[in-house]
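Given next, in structure tokens, is a single chain: the form predicted alone.
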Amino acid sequence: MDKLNLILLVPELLAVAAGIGVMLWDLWLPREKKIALSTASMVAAVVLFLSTFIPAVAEGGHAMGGTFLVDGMALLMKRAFAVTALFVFLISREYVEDLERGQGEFYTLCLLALSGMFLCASVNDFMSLFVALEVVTVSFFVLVAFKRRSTKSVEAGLKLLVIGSVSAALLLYGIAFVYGATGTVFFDELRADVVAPDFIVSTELVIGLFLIFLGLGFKTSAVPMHVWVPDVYEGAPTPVTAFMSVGSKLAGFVLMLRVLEVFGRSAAIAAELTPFLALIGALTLFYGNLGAIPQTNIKRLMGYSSIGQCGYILLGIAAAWTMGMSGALFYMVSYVFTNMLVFGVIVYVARATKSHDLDDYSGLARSNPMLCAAMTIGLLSLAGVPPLMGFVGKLLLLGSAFGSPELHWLVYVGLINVVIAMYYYLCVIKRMWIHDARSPAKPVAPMRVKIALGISVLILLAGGFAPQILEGLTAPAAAELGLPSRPR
């Protein structure tokens, strides 16, 4: 029984129970009372957030025979995932109310996807890694195609399915190569193996790791597994796009960090992975930011923007030492509030204008100054403008890359892309503040969303003026991973 240690799985078990509970409750609720499902889902997200503070859970440790690990990074990311889900439930209520049917299924799938994200944060072997990732991916297959009468939504779901299947095959092939080279899939055993003096970095192991990172690149939208992002972001229901752009992406990144934490302990493996991840990061930065410039649809623009943001996180991952890990975690947490802030505005502008054209944002400063200010702060944080949290995150990531002599060129790539990204973000901001309105529609957000947007703005400002608060959480979590504090 000690090997199971099920108390550590309380957040995951509660997430699954909440999803099933919402699904069953939906069977007895009449249509006019379906709004209760939204409230129940919000309460569930808050309970899941609080469950990570249960002393026995917060203490951490191993469970399920060592295949499940709760440490500082797992707790930090589970809290970030719970906050993301809460925000999605807040902005999706009106969308779900308009559905002819499937209200309960929407919330159930979101909660099941959340349970998969929780599992991703705590995986400690390759088999549970694959299963956790598929729980998230399969949930989003259905959520993206949820608007069954929309050609774009169904097409987006099909594209996600096809590319997701390819990435799953790459991931499984990579795991098979690693198992063939090492004889194990358990992270604890691999940690001990890679630091052993007689450990040999075989060709099979290197190929396996490359395939694993390519497979995980699908979730993070890293080049060359990025091709699905703009079309899927555009076709999916906007609340689903918001959830996918943050929760699904960060689930992929936390798995990357888990794998890197295991194999980054070996200087020989780090020497092989660093140039590979650096090249992927550079290509991802340029593709995402250059691809965003000609877009006229805000969701497609945010899709390309998310590709570019992925490139910045890859800077820290490529550095593969404690500061890089800390910077990546800091940026991932700040990305939750930044991206959800922007998508919170997109949902209600689209609801008023019935489209996602950039022209719909012209004159937003006059039609709804509060939404305009929130969108502006969100975009400026994505661009990395001080004194917002996004600026500190970029600074930490660029600093971690600069601390590795072989990655100095990547710092210049990152700085160039800051300028490129600034251009298209400012183009959107200019439309909102300077251009005349193209549509008589006046976006209106309910009070619960205004409060959530206001809190997000305050957090972004607090993270910029007092970044040590968040660093006090991310730095210990990164140090706990056991990577060297300086590049070797």
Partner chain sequence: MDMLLSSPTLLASALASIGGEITTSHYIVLSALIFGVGLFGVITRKNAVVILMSLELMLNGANLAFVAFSRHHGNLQGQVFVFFIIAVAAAEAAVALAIIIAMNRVKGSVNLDDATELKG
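This one's a predicted model, so the numbers in the text were calculated from it and none came from an experiment. Numbering follows the first chain given and starts at 1.
One more form of this protein exists, namely the form predicted in complex with its partner chain; it is left out here, but the text below deals with it.
- Proximity of Thr39, Val43 and Ala80 to its partner chain in the model of the complex is absent: no residue of the three has a non-hydrogen atom within 4.5 angstroms.
- Residues with any non-hydrogen atom within 4.5 angstroms of its partner chain in the model of the complex fall in just one of 360-368, 339-347, 173-181, 307-315: 173-181.
- The listed set Ile207, Leu380, Leu214, Leu283 contains one residue whose heavy atoms approach its partner chain in the model of the complex to within 4.5 Å, identified as Ile207.
- Screening Gly235, Gly252, Gly414, Gly384 for any heavy atom within 4.5 Å of its partner chain in the model of the complex leaves a single hit, Gly235.
- In the model of the complex, its partner chain lies within 4.5 Å of some heavy atom of Phe130.
- Within 4.5 Å of any heavy atom of its partner chain in the model of the complex lies no heavy atom of Glu94.
- Shown alone here, Gly157 lies within 4.5 Å of its partner chain in the model of the complex, counting heavy atoms only.
- In the model of the complex, His226 stays away from its partner chain, with no heavy atom inside 4.5 Å.
- Scanning 255-278 for heavy atoms within 4.5 Å of its partner chain in the model of the complex gives Glu272, Phe276 in sequence order.
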